[in-house]
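Next up: just one chain, as structure tokens, the form predicted alone.
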């Protein structure tokens, strides 16, 4: 299994001259192509800091991060932005949709920065991504005209439209009710089954139970890294 993520002795220190915080300490793991992984931990465990590094939004203070065979250390900001655009699709808890534009325009946005996608193909690809999410009839609606679950599906469509190697989802169900949560998890699981590597940062045990692998953090360290039999979402809710 070819690795998509290789984290080697990652450390991240925040130091403002007065307070020094070690957010990550000697973090090591590999995530292979086609895995569905949950990263869990309580507030302050380091999971958001780790997500920022995995998404090339932040840099480690020490150690090495390799994304799909590319060593990230030493890359310029412009190079990192191009790497993110080619390799990673992001899904956020708060959706991060542009409120004044349509669902279609929101999904099209990442392709504006991807020169490998012809301009004439963008709207077609965006509509196809919305159709995969069951939202083709909402393409011209603005986010304020959509439910929370529909907005998250637009965000997932935006994440997958450029066919990334990796989807990073940051608490993707945190603002959703149980029905919408189940729908979003089914979508992410389906994308994973089609071959996309999916990493979900979550504090919700029922969401983690839907993943085949769970990496747990505490105080900046990995305390467990376990393979499990994923549960159907309804079963996960009953268990927890």
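Positions refer to the first chain, counted from 1. This one's a predicted model, so the numbers in the text were calculated from it and none came from an experiment.
What follows is about the form predicted together with a small molecule, which we do not show.
**Student:** Does residue 194 make contact with the small molecule in the predicted complex, using a 4.5 Å heavy atom cut-off?
**Tutor:** Residue 194 lies outside the contact set for the small molecule.
**Student:** Counting only non-hydrogen atoms and a 4.5 angstroms cut-off, does residue 34 reach the small molecule in the predicted complex?
**Tutor:** Result no; residue 34 lies far from the small molecule in the predicted complex.
**Student:** Taking 4.5 angstroms as the cut-off for heavy atoms, does residue 172 touch the small molecule in the predicted complex?
**Tutor:** Looking in the predicted complex, residue contacts with the small molecule do not include residue 172, since no heavy atom lies within 4.5 Å.
**Student:** When the contact criterion is heavy atoms within 4.5 Å, does residue 189 count as touching the small molecule in the predicted complex?
**Tutor:** No, residue 189 stays farther than 4.5 Å from the small molecule in the predicted complex.
**Student:** Specify the contacting stretch among 63-71, 180-188, 48-56, 26-34, defined as having any heavy atom within 4.5 Å of the small molecule in the predicted complex.
**Tutor:** This holds for exactly one stretch, 48-56.
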